[in-house]
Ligand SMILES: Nc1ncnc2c1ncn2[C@@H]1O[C@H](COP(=O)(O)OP(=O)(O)OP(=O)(O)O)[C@@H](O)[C@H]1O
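What follows is one chain in structure tokens, specifically the form predicted on its own.
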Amino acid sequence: MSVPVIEMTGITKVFPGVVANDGVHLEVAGGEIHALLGENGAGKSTLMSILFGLYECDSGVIRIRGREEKIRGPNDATALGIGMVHQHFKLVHNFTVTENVVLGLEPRTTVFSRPWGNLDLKTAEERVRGLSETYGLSVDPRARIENITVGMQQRVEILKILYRRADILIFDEPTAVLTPQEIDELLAIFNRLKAEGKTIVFITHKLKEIKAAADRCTVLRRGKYIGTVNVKDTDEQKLAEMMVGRSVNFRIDKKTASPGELVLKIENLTVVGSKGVPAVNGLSLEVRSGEIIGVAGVDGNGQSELVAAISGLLPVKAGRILLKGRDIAHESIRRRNESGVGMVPEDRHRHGLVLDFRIDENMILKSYRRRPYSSQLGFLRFPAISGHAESLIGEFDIRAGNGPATIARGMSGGNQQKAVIAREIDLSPELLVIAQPTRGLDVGAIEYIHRRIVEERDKGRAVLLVSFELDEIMALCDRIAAVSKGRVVGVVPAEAADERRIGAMMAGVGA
């Protein structure tokens, strides 16, 4: 048997209050696509951060191509041919693609045969364009990061590590922010990289992606190594059971909806997007109590702006947003919250959490002025705040190493998402608007979140769900509204929907 390209043995890493990796083993063959699977907080990102030199392990051995190595920082990893694409991209948004790719390794014009001159952008652009063409990335070297899609930004991150001649490529949750079309394109890129002899390790929660792209899969659970399997010999159910330690129900069990009174009525809504043109363009939609309405559409067709307008983060140019008959289109965010609008935002970092606050502080962001969290004189009551957070942490299985005192920034993305959902559901809003509810969550957490959303519907809440996961929309919703170019193309009952029909409507036809 050939020597593994990566061999990590007995890797242990302890943070205050939590053992992130507990004697973990990982073995990756050269030229394979290897998936790293586990629940939120299972230690996957920590393990890969150790391999890339962002952390040093407390104990254990790392061998690269059969040789024991001490990786004390990213520069050591880069010298060994290891590159990493992080879940949250590390790009300078007002720089061009080329400037981001070559940052730190800028080619210089030569003076007296020495590279002492100015930045040689022409040579840099040619190198970046050549790499883009070789690997089928289709990236414009002169485009500014702020003007390209999230999917393209990820390709820039790939170019960065290829520019540094990496042949071991690590991807941390690479599909968490991508549309279904971009996910398919990324998996095709993985296969091209593999054909060129690259070794790929990617962290994911999505079992379909593992089945579609990976050769082998290593599973972690609560910081421990569970096993490594050949993907072609394993089904999704087995992978899920290895990940969460129990049987997982992929079906969403829910009774037929019994819609009641009209809670949300959107009339001819127009919202101007970041490019100065209407992103929501004359959109109308109704949501009743006791039902889940799903908004399905390709990313960039006004879904984000619709959610922002309902929550108050974007101004309404025209139209009305009626909550039980009262127009809230121009009310303050606090007034909307107090009127019964709950919001799980698309971007948990920008709009869902204060990352440098503790979890207990984040849990009362919308209720800190109320009793029992605040006294009559306005002073915060920290024992009540901490007890409230402790209850939600237990109920929603939020992995917080230091309990209510855990800083939000230090938690995994999936646990941050669960914290936001816990806070919003706990407020018992009449209208619950949820954008990308399971982004970055593992199958066990997805199963739980779906069940909680259905429970909210059955309590009589009106639920508006926005998701790029068409499977999620079709399984969870009672009615589906397909959007295209900022307006609703058509609304169909879930039982009458199929992927082809909804896909055609998302393309703007077949209402």
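Please read all numbers here as calculations on a predicted model, not as lab measurements. We number the residues from 1 along the sequence you see.
FYI, the form predicted together with the named molecule isn't displayed, but the following is about it.
J.: Would residue 11 show up as a contact with the named molecule in the model of the complex if we use heavy atoms at 4.5 Å?
T.: No, no contact at 4.5 Å.
J.: Residue-level contact is defined here as any heavy atom of the residue lying within 4.5 Å of the named molecule in the model of the complex; does residue 448 satisfy this criterion?
T.: Contact check for residue 448: no, nothing within 4.5 Å of the named molecule in the model of the complex.
J.: Considering non-hydrogen atoms and a 4.5 Å limit, does the named molecule approach residue 429 in the model of the complex?
T.: Outside the cut-off, so no.
J.: Though only this chain appears here, would residue 20 touch the named molecule in the model of the complex if you measure heavy atom gaps against 4.5 Å?
T.: Contact check for residue 20: yes, within 4.5 Å of the named molecule in the model of the complex.
J.: I have 43, 55 and 173 flagged as a candidate spot, so tell me whether each of them has a non-hydrogen atom within 4.5 Å of the named molecule in the model of the complex.
T.: Checked in the model of the complex: all three residues contact the named molecule.
J.: So which stretch, 34-42, 449-457, 477-485, 63-71, is the one near the named molecule in the model of the complex (non-hydrogen atoms, 4.5 Å)?
T.: Heavy atoms within 4.5 Å of the named molecule in the model of the complex occur in 34-42.
J.: Using a 4.5 Å heavy atom cut-off, which residue among 158, 422, 321, 411 comes into contact with the named molecule in the model of the complex?
T.: Of 158, 422, 321, 411, the residue with a heavy atom within 4.5 Å of the named molecule in the model of the complex is 411.
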